[in-house]
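First come two forms of one protein chain, each written alone as C-alpha cells, so that there is a structure 1 and a structure 2.
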Structure 1
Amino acid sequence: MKRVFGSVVGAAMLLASGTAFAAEAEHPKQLHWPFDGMTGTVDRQAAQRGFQVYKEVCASCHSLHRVAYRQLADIGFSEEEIKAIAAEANVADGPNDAGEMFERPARPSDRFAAPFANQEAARASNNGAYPPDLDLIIKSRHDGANYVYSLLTGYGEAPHDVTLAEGMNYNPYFPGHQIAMPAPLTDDRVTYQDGTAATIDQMARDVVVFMQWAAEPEMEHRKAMGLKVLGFLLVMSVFLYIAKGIVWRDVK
C-alpha cells in the first residue's frame, strides 16, 4: 500500500514538474552562414556591420572581454579607424603615483571595455539577470549561430496561457520561454555606413557573423591550414602510389 501511495505521489510530482518545465526551447531556425563548412570564411562587410551593432546596441549590457581593439584589423578596419574606435571608450588603469586607479581613453592594445565594473553591478541593472560575456557565446551554445540568430529575432507577444514574471520578456527560443533581456533590436536601430537596410533580420545576421569571428578569430587560418594539409596528403599519396609501382615493377 505504501508503495502504491509512493508511486502515485511520485507520478503526481513528475506531472507537476513536467508542466513547470514544459517550456522547452524551440529548435533554432536553420540558416546558411558564410563561415560554415570546410572552406568557410569571415564575410568582412557583414562582420564590420555586426561590430557596429554590437557597439551601438549590445555593448551597453554585454562585455566581449577577450577581444582587443587592434584585432579589429582582422575584419578590415584600418589602423586609424581602430584608434578612433578605441578612443571612444574608457578603461580603468593604474595605480598612478598617488596609488589611485584612474580612467583613460582606450588604446588599440586594450581589450574591449566592459559596460559594468563587476557582475553585481551588471545584475543590479538587469533585473537580477547577468548579461553574459558574448565572445564565446556562439561556441558555448548548441547550434550557437542559429540559436543566437533565432533568439534575437524570436521575440513576440506571450501566448494567453503564459504568465510572464515581472520584468521578463517572451522568447520561445530561450529555455523556459522567458528572458530578462528586452528585445534589443528594432528596425533601423543602427544606420549602416554601406547603405544596407538595417532590418532586425539583417542586424541579427551581422552581429552573429561578428560574434562568430570574435569566438574564433583564427578560424580562417585553421581552415586554410586544414585544406593545405589535405592537399599535401593527396599529392603525397599519388607519389607513393607511383613509387610503389616502380619499386615492385620487376616482381611478378
Structure 2
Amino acid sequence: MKRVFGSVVGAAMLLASGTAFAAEAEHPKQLHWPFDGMTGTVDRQAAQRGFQVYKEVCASCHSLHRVAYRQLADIGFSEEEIKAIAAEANVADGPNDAGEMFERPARPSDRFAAPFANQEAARASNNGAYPPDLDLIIKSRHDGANYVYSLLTGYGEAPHDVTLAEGMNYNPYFPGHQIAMPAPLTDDRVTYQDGTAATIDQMARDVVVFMQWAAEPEMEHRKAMGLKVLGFLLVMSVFLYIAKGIVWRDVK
C-alpha cells in the first residue's frame, strides 16, 4: 500500500509552505462493522484476509511495530502457519560473539519486521513522506474504521473545477481532496486463499477488520469483562434494593 496514510505528512508540509486546500474532507461512509457495539467481535476470517492484504499490499511501506507474529493466533492462525509467516521476514539481532549485529529469520516472538531500516530510509523511498505505522491507525483517526475504508475506496477522477497539484490524486475523504498516495487497491490485487472475490470493497473491509484487531487485540476480552461487570452491578443493585426495603420497612 504505497505511501498509505504517509501523505498526511506531505499535506502538512504543503500547508506549512502556504499551499492550502480549502475543501474539507467529506464525512466518511458509515458501515456496520462486526466489532461495533458492546458485543462486537472480531470476524476472524475477514481478519485473516485483511492480514493477507496488509502483507501483500501495505507491508512494503508500513510497519506494525507493536504487533508480534505470535499474536496472529488470536485471529485463527495455527502455530505452524505463524512460524512460516515469521520466517519469511528477516530481523536484526545481536551482537554476536564478534560484537556485530546480524540478520536472522524472524520468530513468532518477534514483532512484525519493519520495511525500512530507519525513518530516513523510509522518507527517501517515498518522496520525503514518512509512511506511519498502521497498528494504531484506526484509533488515531476520528471514526477510524469508516475513515480508513472511505479513504481506500474513495479514489476517483477529479471534478472539472478541481486542479490537482503535481503528483497528487483526488480523494474527497482526505482533507483538501488531494492526496499523494496513489490508489493502493485494485480489483484482484490479491488472490484470497479462501476463494473470496478480491474486490476493492472486500479488500478495504477486510484490511480495516485486521487493523482494528491490530489496534486493540484485547477488545473481545475487554468487552466480555465489561458485560460481566455490568451484570454484576445489575444483580447487586437488585439485592441492595431488596435489602433497603427490609432494613427500613418498619420506618415510616
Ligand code: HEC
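Just so it is clear, the model here is predicted, and its values are computed rather than measured. Here the rigid core means the biggest group of C-alpha atoms that line up within 1.5 Å when the two forms are laid on top of each other. Here, residue number means position along structure 1's sequence, counting from 1.
S.K.: Tell me which of the two structures is the form predicted together with this ligand, please.
M.R.: It is the first structure (the form predicted together with this ligand) rather than the second.
S.K.: For M168, is the C-alpha shift between the two structures 2 Å or more after core superposition?
M.R.: M168 C-alpha, core-superposed: shift of 2 Å or more.
S.K.: Let me know the CA shift of G245 between the two structures in Å, rounded to one decimal, core fitted.
M.R.: A shift of 4.0 Å at the C-alpha.
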